[in-house]
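Listed next as structure tokens is one chain, alone, in the form predicted alone.
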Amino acid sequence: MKDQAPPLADLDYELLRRAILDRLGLDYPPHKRDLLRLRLAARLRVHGMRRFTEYYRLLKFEGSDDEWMQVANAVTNNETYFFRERHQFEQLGALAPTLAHRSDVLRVLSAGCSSGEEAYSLAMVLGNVLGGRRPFQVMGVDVSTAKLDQGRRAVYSPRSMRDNHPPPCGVDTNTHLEVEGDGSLKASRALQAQVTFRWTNLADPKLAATLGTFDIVFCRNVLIYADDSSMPRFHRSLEQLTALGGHLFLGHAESLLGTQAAFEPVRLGEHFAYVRGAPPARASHY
């Protein structure tokens, strides 16, 4: 198939990269420049534009919240699947019963939930290890409305169950995921009732604060898309979202060590997570 996207000039690339970083906290460094060009090309076609300069001007001077929603849908394409990084779900299964006494309802967040497989995985594990003894709520949040809509539909291809190992914590996926006539997987009504989805921008701490606090936060493979300038905003959002004494799980390539974020590492078996402590003193606000 012929590449029909127009060229992305140096100045247009820098302007669009900075605008997306400032608004969404997502960075497209030079090695992802062509990917950015291809992902935004569809928006140019929607508006009948031939140059990225025109589209930057639209975002800069006329960009509505709806158009920025479309940008977020275009530039985020996170791949996920059920029980990804299985060991962390095993850690969750051991940790959740010890935190269930903290409040009437154990609140768990899937931050950067993409199409929802992580959020439903969290609900399956919690339902199994808590056994109805403690109520819980799982919320999935993402900046992409298209991904959130997919999570609400709760229909997935068989590829979303790609881990060859048995599900963690004794979960029986047959009781939670129904096989449709075309082979797709659909979350049961009972499972869907345990998960809610909401839009938010984790690069905006004020927006994150409106969600309340959570006892457990999974925020995996989100920080890898931030750069040094936007990282403090993500850290602040995580502080807003995680209750004092709550646990934060990051992706295997991410770390808060050496940062000013208000978390301390804690070992969980052979791996570790972070526990939310008191916020550090800050010289400025972001």
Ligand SMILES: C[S@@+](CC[C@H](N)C(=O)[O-])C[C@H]1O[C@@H](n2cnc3c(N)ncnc32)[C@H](O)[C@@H]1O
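Please read all numbers here as calculations on a predicted model, not as lab measurements. Residues carry their position along the shown sequence, with the first being 1.
Below, we refer to the form predicted together with the ligand, which is not included among the displayed structures.
- Among heavy atoms of V222, some come within 4.5 Å of the ligand in the predicted bound form.
- In the predicted bound form, V195 stays away from the ligand, with no heavy atom inside 4.5 Å.
- Shown alone here, L15 lies farther than 4.5 Å from the ligand in the predicted bound form, counting heavy atoms only.
- Among heavy atoms of S144, some come within 4.5 Å of the ligand in the predicted bound form.
- Annotated contacts: L26, N78 and E118 all touch the ligand in the predicted bound form [non-hydrogen atom within 4.5 angstroms].
- Note on contacts: among A203, A96, L185, L191, the single residue with a heavy atom within 4.5 Å of the ligand in the predicted bound form is A203.
- For the residues H176, R107, R84, R134, the 4.5 Å heavy atom test against the ligand in the predicted bound form is passed only by R84.
- Per the 4.5 Å heavy atom criterion, the ligand in the predicted bound form is contacted by stretch 109 to 117, the sole one of 155 to 163, 109 to 117, 125 to 133, 177 to 185.
- Residues are counted as partner-facing when one of their heavy atoms sits within 4.5 Å of the ligand in the predicted bound form; in 35 to 67 not one qualifies.
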